[in-house]
Ligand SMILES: O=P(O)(O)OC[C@H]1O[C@](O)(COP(=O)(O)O)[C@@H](O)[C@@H]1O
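Heads up, the chain below is alone and in the form predicted alone; it's given as structure tokens.
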């Protein structure tokens, strides 16, 4: 339906504003990956502008504030609520008033600096409506004008006297955080082992305007579970128990696990190979034992359901993952690829040697109870649709290609395909098809065994899944076989070929993108010391949520793309918020220029700019 205009001057005003917007510098994009439900570290990165805020403060106050005082200011911007509680009780009278005035003026300077490249409507969206008029005066006014200088000073002074200074400073800090990053790209795995992916979604919903998700294989486990896949659900429950994260299901998504707890603790005894991977403070022995037994129950049901799916879908070519029928009669050894392995701490008491993939009646009762709860959970539906509506398998944005995992290829870099109903899907077409299946399954949830459910599970661990990127997932071997070779998962050749510029160009062309663009790939690298910038700076791997326990040196990488170019940020390891505040620790420890432009890119050079130009062209029809 075409927009109607009754006033030609209204049309002209719109054209003027839109044309002017095209000449503003492009906003800053931040790329992070593998959040894994770690809300605190996510917030640490986002509140810091992925390192952008400390850079801005350094540029603004170099030579005016010492480096320690710059760090104090930066830390206040990151965590204003916490820092104000620590600082203000120690100051009294004139000292407190002076601190408030100095700090407020510094905040206004930073806010004006980060707001320089935005039109007023975008700045207004970042400001607290309670202080909108005051903030606008201070941000847009000429603070150097002699006639108004006392006016501005009195405004700040009255905020202090009326006890509004803390609240006002907090509002300025939040505005700075929002304006430091124009768009957030989460390149895979919002969900996994961490306790609060829901809080990340809530934060984005409540405080951010522009963001997107490129799904990872952990994300599709959750999407598939909501759509009715029992196989995705069992994987999800097993992983949640492995990382003592079942409370996310119970407390946030309202999943009553009573039937699973009773079944698991009645059928299984705690085993060392199923010990939870984390030990939270205050975690009781009973909780550890329940996690242990649930892991066992979920794993065995998972292996059974996998066998059924593999037999239903020969096109998945996963017969090598049919393992339960390879167990010896006494279930103490297993034969894989012609080699016998001893089973360590087996728990196959519900596996019938005559029909190893058959679900028992007790297991079926648990499955039916749980999968119906997953489908019917309002909060789970809400969050999964948020992930679906704002995301997909990949994103083409400003000439860059974003995806999690890989584009499956063979050793020579040729696209690998999977045949479905006689049609081969590879490359872009495979990702488009995968996204269609996931969203179709979500629109038509069912607990029945169906192709949609099976294919979503394939995206989790299939050998040609673009989200998994390995030849097999050796969950069984990691639990029961003490042999590194048996446990080995071979990455798709895509990852080695990413070093080659010709290969990066081939992938970009597959998606009909210019070879001047970049591939931004999110995944956890096998080698934490691997160079994240490859193929003559065409391929960049981001994993800003790297588990600090895996490396004492770095906390992963994020990417910033602003009007001057691209910078890879190497992050410091993140332990917790309190430690970061106590040490006044910045987020970034090192920076690498990926691309630098001698001329600043403007909005005209972006996808958003193209849409504005189309809008202007449309509006010009009304003034001819």
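Positions refer to the first chain, counted from 1. Note that the coordinates shown come from a computational prediction; the quantities given were computed from them, not determined experimentally.
This protein has a second form, the form predicted in complex with this ligand, left out of what is shown; the following refers to that one.
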With the cut-off set at 4.5 Å between non-hydrogen atoms, does residue 243 touch this ligand in the predicted complex?
yes
Taking this ligand as it sits in the predicted complex, is residue 302 in contact with it (heavy atom to heavy atom, 4.5 Å or less)?
no
May I ask you to check whether residue 468 falls inside a 4.5 Å heavy atom distance of this ligand in the predicted complex?
yes
Answer for residue 523 alone: is it within 4.5 Å of this ligand in the predicted complex, judged on heavy atom distances?
yes
Among 47, 557, 56, 36, just one has a heavy atom within 4.5 Å of this ligand in the predicted complex, namely 36
Proximity to this ligand in the predicted complex, single hit among 218, 196, 538, 183 (heavy atom within 4.5 Å):
218
Does this ligand come within 4.5 Å of a heavy atom in each of 214, 464 and 512 in the predicted complex?
no
Of the listed stretches (187-195, 377-385, 326-334, 247-255), which one has a non-hydrogen atom within 4.5 Å of this ligand in the predicted complex?
187-195
Partner contacts in the predicted complex for 254-282 (non-hydrogen atom within 4.5 angstroms of this ligand)
277
